[in-house]
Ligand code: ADP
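The chain below stands alone, shown as structure tokens; this is the form predicted alone.
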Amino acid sequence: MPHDAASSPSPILSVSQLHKRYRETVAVDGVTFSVDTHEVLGLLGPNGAGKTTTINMILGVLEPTSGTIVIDGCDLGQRRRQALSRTNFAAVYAPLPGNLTVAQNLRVFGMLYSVPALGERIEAVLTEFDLLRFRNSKCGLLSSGEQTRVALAKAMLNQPRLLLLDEPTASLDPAVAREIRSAIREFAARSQVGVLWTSHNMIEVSEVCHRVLFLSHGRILLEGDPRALPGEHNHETLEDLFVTVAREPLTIRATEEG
């Protein structure tokens, strides 16, 4: 899966020295990374590592204690509306309102994002995600795979420059998950977009992501190609490396510093 960083003179997302503190608890501790055009970057780590806090700061849900977030050239702290208009999000744990139909949901969110020519754009995403036959179905009555496709269609409505996907295929059956991964890879390849992807499925991450970051205790512990990274740290698979990061991060950090 080729990735030409040179094709992007400036990153779609640039995070610099991001910190988030809750009184005495440090949730995110000096995180710095970027996402380029056409790149799918995996943000990995055990529960409590700081992934969700980082994503929520990028989405503008949480305010950083310090640090900067720049989305498509817009500083989130200074130009919040412009930065967030270039962003969208999907996660299986954040379903769309179940009492609205697919078309109604897309229209409501399209209006929130001020999508131009909204009717045409809705038809385009319904077609792209094979949802035309469900346009008048209530989202709460759809299968988990169908709901995931609707969530992704919503996330593509405003043609975002930055797409954040938090466990996008969790709880889906393998065939549907493969279909979703393929759709996202194709979208990233053909569109001027960067994708930030979190998952606990390391096989999926190896298949989809160009590069991964491992978070541990709010810091970036490792970074690299998910297919090469395990071997660089004497592990057979990305899952083995993930388990080590979760259980023995100090061992990994000592290896890095040594």
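Throughout, we count residues from 1 along the sequence that is shown. Worth saying up front: this structure is predicted, and the values here are computed from it rather than measured.
Absent from the display: the form predicted in complex with the named molecule. The rest refers to it.
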| query | finding |
| --- | --- |
| Answer option from Q17, N234, S10, T25, heavy atom within 4.5 Å of the named molecule in the model of the complex | T25 |
| Residue among G30, G60, P46, G224 with a heavy atom within 4.5 Å of the named molecule in the model of the complex | P46 |
| Partner-facing stretch of 225 to 233, 187 to 195, 49 to 57, 30 to 38, counted where any non-hydrogen atom is within 4.5 angstroms of the named molecule in the model of the complex | 49 to 57 |
